[in-house]
Each structure stands twice: as C-alpha cells, then as structure tokens.
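The data below hold one chain only, encoded as structure tokens and taken in the form predicted on its own.
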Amino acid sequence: MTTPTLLVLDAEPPPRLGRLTGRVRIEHADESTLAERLPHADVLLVWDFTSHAVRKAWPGAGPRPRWVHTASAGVDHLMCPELAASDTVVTNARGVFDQPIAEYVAALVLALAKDLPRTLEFQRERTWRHRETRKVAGTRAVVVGSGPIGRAIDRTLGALDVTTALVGRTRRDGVHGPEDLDRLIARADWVIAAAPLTEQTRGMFDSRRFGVMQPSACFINVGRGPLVVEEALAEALRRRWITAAALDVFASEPLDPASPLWEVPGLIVSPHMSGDTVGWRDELAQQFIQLYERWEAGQPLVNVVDKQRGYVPGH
C-alpha cells in the first residue's frame, strides 16, 4: 500500500502532527513551491490561512489533492473556479474559534458600552473626567451570520441580557432572512458581522446600511474584512451616523501603517485576533489529525464546505 502524501502550506510555527508519524509522508511548501508540489499530494493542509497561494497554484490540468483542509473558518482565501468545479473535498476549522470569538465580541460590547477606550486615554493623560456609560442589559443586537460563530455570539450576549436577532442566508426557525436585515439594524444597539465572505455578502455594509443604523449604534466586524466598505464605515463614524465601531478583520491584512483607519474617531482596530486564544494552534492541529484519521479509515469527513456557497451548510 502506497503511503499517502500530505503537503503542508507552511506558516510559523509549523503544525504539530507527531501522531501521524509513519502513517503519512509529510512534505512542506511555501508560496513559491506550492504549484510544483501540489500535483504530487494526496492531501493539502493550508496551515498558512492568510495566503492566497492555493488560488494561484490550483488552476491548470493534471492531478490535484483529493482533500484540502484549511486551518481557518473562512475559505475565500483558497477558493477559485477550478477548485470549486473539481471533485476535491474542502474542509475547514469549524468549531475551534466559535466561543473565543463570541467572548471577544462580548468584550468589545462591554468596552464600548462602558467607554473603556476613553478611560484608558484619560488615564494616560492623567485626566480625571467623570462620565455616564451605557447599560448593556436590555439592549438589542443583530448578528449577521447564523453559523456556529454567530450562534455562539448569540448565546454569550444572551448571558449579558442582550436581546439578539440572528440573520442568515435564508429565513428559518430562529433565524431571520436577508430581507429582514435593514428593519432589524434600524433598531439595533449592536450590529455584529460574523458572516462568511461570498458574492452575496461582499460589501454588504456600505454607506446605505450605515445610514440605516441609529446614531447610538455600534458596529463590530469579526467575519471577513470585505464584508465592509471601509471608506463608508470611516465616513459614517466621522459624520457620527453611528457611535463607534470595532474591526478585527480588514480588506487587506496586515493593515498598512499608513491606512487612515488607524485614526478614525470611535474605531477600535485589532489585528485579526478575536479567535486566537492560548493553545489555538494546537487545537487546529489536533482537529486536522482527527479529520485525517477519518479520511485514512475511509469514513466521511466532517466540516465539509459547500464549494459553491463558500461555507459549511446545515446551519
């Protein structure tokens, strides 16, 4: 029996895959060598989930891996028409980031409601300035994205007595459809983007949407950067169409030091870290090992992405 070849698109630190020793031939590639090595791999592990190398390397005739796993929730960085049309199975890291991201969102909600950014700013200035802050309990949130991350945000905000409406691709029990979004965000205190990036969601938060929100609203994006028209958000904050915002993801990452977003009033910028808790890389590696063992045993894989929709269906 031929030993399968696992190709890892590397990032530092590399994944700890010791449990697979002797069961699979592990090879490594970077952006410059991926296209050359891809045809010889049975499985591709996209450990560098910030890279777009898969989209560049996949097109063309010839053999390709039978299974691609990305160590991320989003798959937009690797999907291309050729991969979408192929019989290659794509899986993602669904389940690893749900609760950490939900906790991060809750922290942002509390920080914005309690004006913590200005408290820290006044402390640095040695300024004693008393203010009144907002009560979180009893406020309303709209979470755009009804998958595991959106549902975890719903549960976590519920513990703070926030009333949450989930918006998904289609209307169903407990989930509103896209046609309800404008009506819901017009009354929301918190608008939270946690949706996958698809052709339907790209740029969905634009000037019109920010104009629909009430002036006291706060906007948070922990989904994908291109869900938001960043210039429109900056303008909405400058004109005080909304009160504040927090972005953990951006159209281009890392955010350029020269980007005007760093200095937009009322905007919290964080470096795509909402899901990254201590030990998260080991969790990702263990998840892949468990998936590999299913694949090795001929069992159906879980976390299988619908390559046309761009996410794992069934939620």
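Don't overthink the numbering: it's just position in the shown sequence, from 1. Fair warning: this is a prediction, and the values are worked out from it, not measured in the lab.
The discussion below concerns the form predicted together with another copy of the chain, not included here.
The stretch from 116-124, 75-83, 222-230, 180-188 that comes within 4.5 Å of another copy of the chain in the model of the complex, counting heavy atoms only, is 116-124.
Taking Ser207, Gln200, Thr133, Gln214 one by one, only a single residue has any non-hydrogen atom within 4.5 Å of another copy of the chain in the model of the complex, and it is Thr133.
Put simply, Glu263 is close to another copy of the chain in the model of the complex: some heavy atom of it is within 4.5 Å. Another copy of the chain is not shown here, and in the model of the complex it never comes within 4.5 Å of any heavy atom of Pro59.
The closest non-hydrogen atom of Trp67 lies beyond 4.5 Å of another copy of the chain in the model of the complex. Within 4.5 Å of any heavy atom of another copy of the chain in the model of the complex lies no heavy atom of Glu235. Taking another copy of the chain as positioned in the model of the complex, the residues of 269-289 that bring a heavy atom within 4.5 Å of it are, in sequence order, Val269, Ser270, Pro271, His272, Met273, Asp276, Thr277, Val278, Gly279, Trp280, Arg281, Glu283.
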